[in-house]
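Next up is one chain by itself, shown in structure tokens, the form predicted on its own.
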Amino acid sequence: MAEIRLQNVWKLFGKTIAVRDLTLTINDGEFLVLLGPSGCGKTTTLRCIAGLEVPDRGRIIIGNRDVTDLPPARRGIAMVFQSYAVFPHMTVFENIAFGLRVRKFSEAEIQKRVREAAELLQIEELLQRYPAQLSGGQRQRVAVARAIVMRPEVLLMDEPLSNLDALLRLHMRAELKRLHLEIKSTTVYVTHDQVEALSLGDRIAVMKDGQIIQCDVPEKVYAEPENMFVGSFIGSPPMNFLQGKVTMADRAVAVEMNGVRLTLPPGFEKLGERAGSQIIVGIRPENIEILREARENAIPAQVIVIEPIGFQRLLTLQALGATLKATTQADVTLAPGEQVWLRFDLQKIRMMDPKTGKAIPCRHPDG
């Protein structure tokens, strides 16, 4: 295992900046997920760590070694690609053993390591089969086994589950998490799938335009996005954003949205410094309560669309001059066109600056 440090890394392809002045520390034994849309620089960052791309500027440190100019074979890393990249003419055993044979390990050591890796990935009964005889999920397990059999200090994964169907992805996510707990390699995992990121990562680094926008534990990235991009990218459906204005009501801080004033609870006093200013209010769909009648701090709304999604229903509503998403329990009976009221969980709203899109620190630390 080893700590990974990226120091002011830049990578350009012609005039296109793929990675922009990126600085990041990945802790020893950590499972870090690089998350972002296509073209944000996450795979290029991973390839720079692997040595498959050379940074134009900056340094990459693995453990106590500067590996910026070292080839992949000398970095102590192993990589699992999006395509399974297993050799079709070799058995599962020979696929897993390939790297060990190249490095001239003894036959006894090869037998021992391959069987240990196969046991970890639960593919012991497949060792004499060929890739054509395997399912997609089984081939992906072979690719992971081939990586971990080398006992790398660092394990790099580039969207390894993207070619699997939804049920297999769900199963493999749990397997990868279990595997990491057992082998404890420092792992960097690239994905554009937020569910994978939230379920797998010890931390998530959200990327945009070659930069890390926010890097934190999954719970904080979800509940406290650093800006509107993170709030809109993380979550399905994403965070709702509403235009408003900060006001004062009887010495209490309030936010006014399309003529509706919501008085904020204690802890938001710092926001009063922005009284009279425009603001963006962010609220997650699950933090909106649906009411049948008007109450204090409730917002009138009209149901537009109802979508059953298993144990919940996803509602599209018209309120405050905007379209909102909210979730409710599946047994709540509503109809399109019905008048309802919305009550926000005000402890969970996120205030954003309309000019910069960045979150506004408006709560006391204990608020």
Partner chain sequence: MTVNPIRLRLIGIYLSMALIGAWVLAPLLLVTFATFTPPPELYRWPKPFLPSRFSTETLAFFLTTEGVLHSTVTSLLVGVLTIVLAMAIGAPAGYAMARFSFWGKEGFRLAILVTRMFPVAILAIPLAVSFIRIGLYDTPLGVAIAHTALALPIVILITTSVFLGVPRDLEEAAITLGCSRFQAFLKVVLPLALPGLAAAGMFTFVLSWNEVFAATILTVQNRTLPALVVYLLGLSPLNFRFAGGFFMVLPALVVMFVIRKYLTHLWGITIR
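Under this definition, the rigid core comprises the largest set of C-alpha atoms superposing within 1.5 Å between the forms. Keep in mind that this is a model prediction, so the values were computed, not measured. Numbering follows the first chain given and starts at 1.
Although it is not shown, the form predicted together with the partner chain is what the next lines describe.
When contacts are judged by a 4.5 Å heavy atom cut-off, Ala252 does not count as touching the partner chain in the predicted complex. With a 4.5 Å cutoff on heavy atoms, Arg141 does not count as touching the partner chain in the predicted complex; it lies far away. Interface residue remark: Leu271 is not counted as part of the site for the partner chain in the predicted complex, having no heavy atom within 4.5 Å. Residue contact with the partner chain in the predicted complex: Leu52 places a heavy atom within 4.5 Å of it.
Residues of just one listed stretch (95-103, 256-264, 110-118, 291-299) have heavy atoms within 4.5 Å of the partner chain in the predicted complex: 95-103. Met79 is the sole member of Leu242, Val190, Cys215, Met79 with a non-hydrogen atom within 4.5 Å of the partner chain in the predicted complex. Checking Leu164, Leu134, Leu127, Met90 against the partner chain in the predicted complex, a heavy atom within 4.5 Å turns up for just one residue: Met90. Within 4.5 angstroms of the partner chain in the predicted complex, the stretch 144-176 places a non-hydrogen atom from each of Arg146, Met150, taken in sequence order. Taking 2 Å as the criterion, Tyr130 counts as shifted between the shown form and the other one: its C-alpha moves by at least this amount when the rigid core is aligned.
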